[in-house]
Ligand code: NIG
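This document starts with one chain, in the form predicted alone, laid out as structure tokens.
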Amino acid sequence: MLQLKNIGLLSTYNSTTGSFENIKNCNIDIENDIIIDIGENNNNGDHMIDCNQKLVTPGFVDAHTHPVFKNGREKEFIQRISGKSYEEIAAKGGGINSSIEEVRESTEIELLDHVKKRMDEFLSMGTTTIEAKTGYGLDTESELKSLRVLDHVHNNHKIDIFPTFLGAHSIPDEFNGDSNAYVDLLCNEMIPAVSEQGIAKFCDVFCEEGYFDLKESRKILKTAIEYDLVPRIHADEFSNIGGSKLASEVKAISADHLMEISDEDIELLSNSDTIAILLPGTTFFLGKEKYAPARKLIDRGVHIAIASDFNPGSCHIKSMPFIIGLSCIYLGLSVKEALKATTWSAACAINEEERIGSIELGKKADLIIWDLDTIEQIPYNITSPPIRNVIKNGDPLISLD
């Protein structure tokens, strides 16, 4: 048994009471990767970690990432700081489609090496679980290859990965803008093949002007549902074409981005079980000023999560502590709201809230030991979060020796 002793402050959302709680001067007992006791500071573990009266929180759950690519797109960053918009860069051959050739030409081993290194970095910054999308292959073979990469890393790395099929990320160049033909390929060949492969748990679509319109997005997601893939949707990022309405209609588990969501659509989400995943890192990284209306969503009763949107182009950020800082500064969240949104609420956004996302008896021991005293110090140390250790499935990231 592993014991975390001398915890100064344990901060977590409690799903039983439905509130955020702070427990002072306690320990956590872990057996077979499960939390079996949260109590007084008694020394009863076979192995112990002395937390030295510091802060312990749940490990982060990053519910929106795009990690399966080969190289970054630094040239686009330079173009953006020179005044070009994301849309202008994409229209001239940049953006999503510029990452496709490398993924198609890469071997699984090459992609595995890149993804493993990225997962090492995620884990070192306290992220213990991620949702990971494909979407840089955009043909059947390359999308299945990307899912195999995610599955291999999930099975051979400490981090847990929940894969999403995002074949509807963009229309590949070989279709010459013929979205109908590509949607037919998605629905008639790719989604059935993904379902038969059995790795992906979710199906996502980029419902946006210049990508997939409302009719196409509806067809893709309804086909996915027929093949037992849980729908999620990129919605209302650059314009509002009805993506969040569609999320409510198809009972998507999440609607992500939402910078351009309307009051009417917020009302629809508030009456659904769809979680709004907000991605302030993307707005920040693209140099835009309009962030998702987090306070309005929360005040209307919409369940929100916060994620990184790590990808090669529009947001090359892996650090959830940094995302928490952005959420407090630009979305107007309290630190408690931001921590809940990056742990328990994010676990809800991948259907894993019964297992992870909070520090409770019977849950997985995915924990962060901080060299901090309170959660308010997490966004205060926005660029250099002082993490002493990460516990994943009851195993310390840093050796006890």
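A residue's number is simply how far along the shown sequence it sits, counting from 1. Quick caveat: nothing in here was measured; it's all calculated off a predicted structure.
This protein has a second form, the form predicted together with the ligand, left out of what is shown; the following refers to that one.
Between 344 to 352, 65 to 73, 48 to 56, 366 to 374, the stretch whose residues reach within 4.5 angstroms of the ligand in the model of the complex through a non-hydrogen atom is 65 to 73.
Shown alone here, residue 309 lies within 4.5 Å of the ligand in the model of the complex, counting heavy atoms only. In the model of the complex, the ligand sits beyond 4.5 Å of every heavy atom of residue 236. For residue 96, a non-hydrogen atom is located within 4.5 Å of the ligand in the model of the complex, even though that partner is not displayed. Interface residue remark: residue 284 is not counted as part of the site for the ligand in the model of the complex, having no heavy atom within 4.5 Å.
Listed residues 77, 86, 291, 322 were compared with the ligand in the model of the complex; 86 is the one with a heavy atom within 4.5 Å. Proximity to the ligand in the model of the complex, taken as a non-hydrogen atom within 4.5 angstroms, holds for one residue of 137, 231, 126, 313, which is 313. If you check the ligand in the model of the complex, you find a heavy atom from every one of 169, 206 and 257 within 4.5 Å.
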